Ligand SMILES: C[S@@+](CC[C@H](N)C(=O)[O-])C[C@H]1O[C@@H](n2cnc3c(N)ncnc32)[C@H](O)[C@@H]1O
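Next up is one chain by itself, shown in structure tokens, the form predicted on its own.
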Amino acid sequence: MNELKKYLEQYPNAKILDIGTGKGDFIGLIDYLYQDYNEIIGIDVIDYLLEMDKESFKDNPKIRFTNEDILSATFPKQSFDIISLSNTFHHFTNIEDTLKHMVSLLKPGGIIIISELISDNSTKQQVSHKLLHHFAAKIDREIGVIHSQTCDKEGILKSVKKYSPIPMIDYWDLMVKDYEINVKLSKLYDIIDNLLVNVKDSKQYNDYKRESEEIKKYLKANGFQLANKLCMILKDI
């Protein structure tokens, strides 16, 4: 995490935008590493996640959340010193337009931080995360939600370099073990069961059910650890 902290500290009193903020995990990581920011705005299109975020960060007046899509966001141009995108890259259909819009919101000399799950070099515990993520992606696609499976490191690097209008100046494997929160298996089982509810009327429901039971068996036998992440820094030089 020291590499990420090094880049954050280059922008004192920074205004930060976190895109596809989800449960606010990456905002929490930024706040853990670096408190000398002016404001963090988290945006997402899922209302119930934003309500959870508002509750989780209610004691920090420098963090706020809003329901917006990055492609239709109404922030003024060149508004942010840092824009972050964590575990969201695989949800986009138009990567090129998304990156272009992100760059338009970036101040001159600002950075974009992209952190994305990768499928490479996983331990047995990390395979649990991949299995769970791939199952969730499959369920989402069944109900019409854009959600791709995790890609390998080289695939993500190639895609970002191809579509980004500004150069990638650095990348590394993001190790967040000191920051990880232990997740109980019962919580993961609940996530799997809730995913199944979304496809209860599907013709493939029995197949999904069998797959869910296999994932639970694997989790019980091997435990759970967050999958590896790749962190990339793009800079408007």
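For every residue, the number given is its place in the sequence shown, counted from 1. Just so you know, these numbers come straight off a predicted model, no measurement behind them.
The same protein also exists as the form predicted together with the ligand; that form is not shown, yet it is the one meant from here on.
Peer 1: Tell me, out of 164, 126, 150, 88, which residue has a non-hydrogen atom within 4.5 angstroms of the ligand in the predicted complex.
Peer 2: Of the candidates 164, 126, 150, 88, 88 is the one lying within 4.5 Å of the ligand in the predicted complex.
Peer 1: Please tell me which of 31, 170, 173, 69 lies within 4.5 Å of the ligand in the predicted complex, judged by heavy atoms.
Peer 2: Comparing distances to the ligand in the predicted complex, the residue within 4.5 Å is 69.
Peer 1: Taking the shortest heavy atom distance, is residue 195 within 4.5 Å of the ligand in the predicted complex?
Peer 2: Residue 195: no contact with the ligand in the predicted complex.
Peer 1: Is residue 46 close enough to touch the ligand in the predicted complex, meaning at least one heavy atom pair within 4.5 Å?
Peer 2: Although the ligand is absent here, residue 46 would touch it in the predicted complex, with heavy atoms inside 4.5 Å.
Peer 1: Classify residue 135 as contacting or not contacting the ligand in the predicted complex by the rule of any non-hydrogen atom within 4.5 angstroms, answering yes or no.
Peer 2: Answer no; every heavy atom of residue 135 is more than 4.5 Å from the ligand in the predicted complex.
Peer 1: Taking heavy atoms only, is residue 92 within 4.5 angstroms of the ligand in the predicted complex?
Peer 2: Contact check for residue 92: yes, within 4.5 Å of the ligand in the predicted complex.
Peer 1: Within 4.5 angstroms, counting heavy atoms, which one of the listed stretches 101-109, 154-162, 118-126, 69-77 is next to the ligand in the predicted complex?
Peer 2: Heavy atoms within 4.5 Å of the ligand in the predicted complex occur in 69-77.
Peer 1: Relative to the ligand in the predicted complex, which residues of 22-39 have a heavy atom no more than 4.5 Å away?
Peer 2: Counting only heavy atoms within 4.5 Å of the ligand in the predicted complex, the contacting residues of 22-39 are 22, 25, 26.
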